[in-house]
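Coming up is one lone chain in structure tokens, specifically the form predicted on its own.
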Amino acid sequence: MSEFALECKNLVKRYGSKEALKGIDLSFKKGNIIGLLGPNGSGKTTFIKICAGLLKQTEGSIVIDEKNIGLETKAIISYLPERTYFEDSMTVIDAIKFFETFYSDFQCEKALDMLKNLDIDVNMKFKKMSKGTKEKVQLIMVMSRKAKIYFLDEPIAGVDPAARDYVINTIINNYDENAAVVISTHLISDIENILDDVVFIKNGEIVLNDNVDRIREKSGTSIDSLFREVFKC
């Protein structure tokens, strides 16, 4: 059994003459939380969508839990997109039923417990919710699956600072130790303390891929500070 939840080799994605990903080689260990970090347009979302089976790579290979990307991997990947995808007319209980129907690993009781902790009414319609509440509900749905790898695209961007701790705790307390969590975000200081590894991506290329403690030891600075230095932001 492989120690890696994901391995990709020479991953390339082209849109016409533009290369969004330029021969990426990556591997994510089971049990680790990985920060996929880079400025807008760097290739983060393209990479995640290819892994989730929503885009097709131009070249290269991706293996998730020792399976090639396809129907089998879609069943073991839990993906939180940057934008909420539930219809405004849906209620929270509708969302639960949707996940129960489509994902055999969805844990209904876990979802209900987390919703109760946030005092979110399961009969509330999405059109009546704030953007932050919608994103909390969607995160709860995603983290209530017993997946092999979780891809979270900007999971704390839409919530107020006071709620970010809850979101972060939801992430770290609700994934299996045999799974990996990949978090794409620009709010690095908020998640730095929960990361095991980080990947810096710029213009479709990996510029840094290492263990967080090793990076801090080598650079003598925080991941957030190093990110600002590397990307001049």
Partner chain sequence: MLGSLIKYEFKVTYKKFFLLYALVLFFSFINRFMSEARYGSLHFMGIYVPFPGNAFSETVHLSFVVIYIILLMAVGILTIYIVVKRFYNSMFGNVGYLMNTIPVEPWKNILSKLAVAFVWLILGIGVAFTSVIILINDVTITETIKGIYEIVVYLFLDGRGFLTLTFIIAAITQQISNIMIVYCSLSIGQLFVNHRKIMAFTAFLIISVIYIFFVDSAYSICFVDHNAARVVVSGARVTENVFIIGIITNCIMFAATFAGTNFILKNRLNLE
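Numbering follows the first chain given and starts at 1. These figures come from a predicted structure and were not determined experimentally.
Omitted here: the form predicted together with its partner chain. The next part is about that form.
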Counting non-hydrogen atoms within 4.5 angstroms of its partner chain in the predicted bound form, say which of 108, 75, 118, 122 makes the cut. 75
Residues in which of 52-60, 201-209, 161-169, 183-191 have heavy atoms within 4.5 Å of its partner chain in the predicted bound form? 52-60
Quick one: does residue 83 come within 4.5 Å of its partner chain in the predicted bound form, counting heavy atoms only? yes
Does its partner chain come within 4.5 Å of any heavy atom of residue 126 in the predicted bound form? no
Look up in the predicted bound form whether residue 113 has a non-hydrogen atom within 4.5 angstroms of its partner chain, and give yes or no. no
Given that the partner is absent here, does residue 154 sit within 4.5 Å of its partner chain in the predicted bound form, heavy atoms only? no
Across 73-112, which residues bring a heavy atom to within 4.5 Å of its partner chain in the predicted bound form? 74, 75, 79, 81, 83, 84, 85, 86, 87, 89, 90, 94, 98, 99, 101, 102, 103
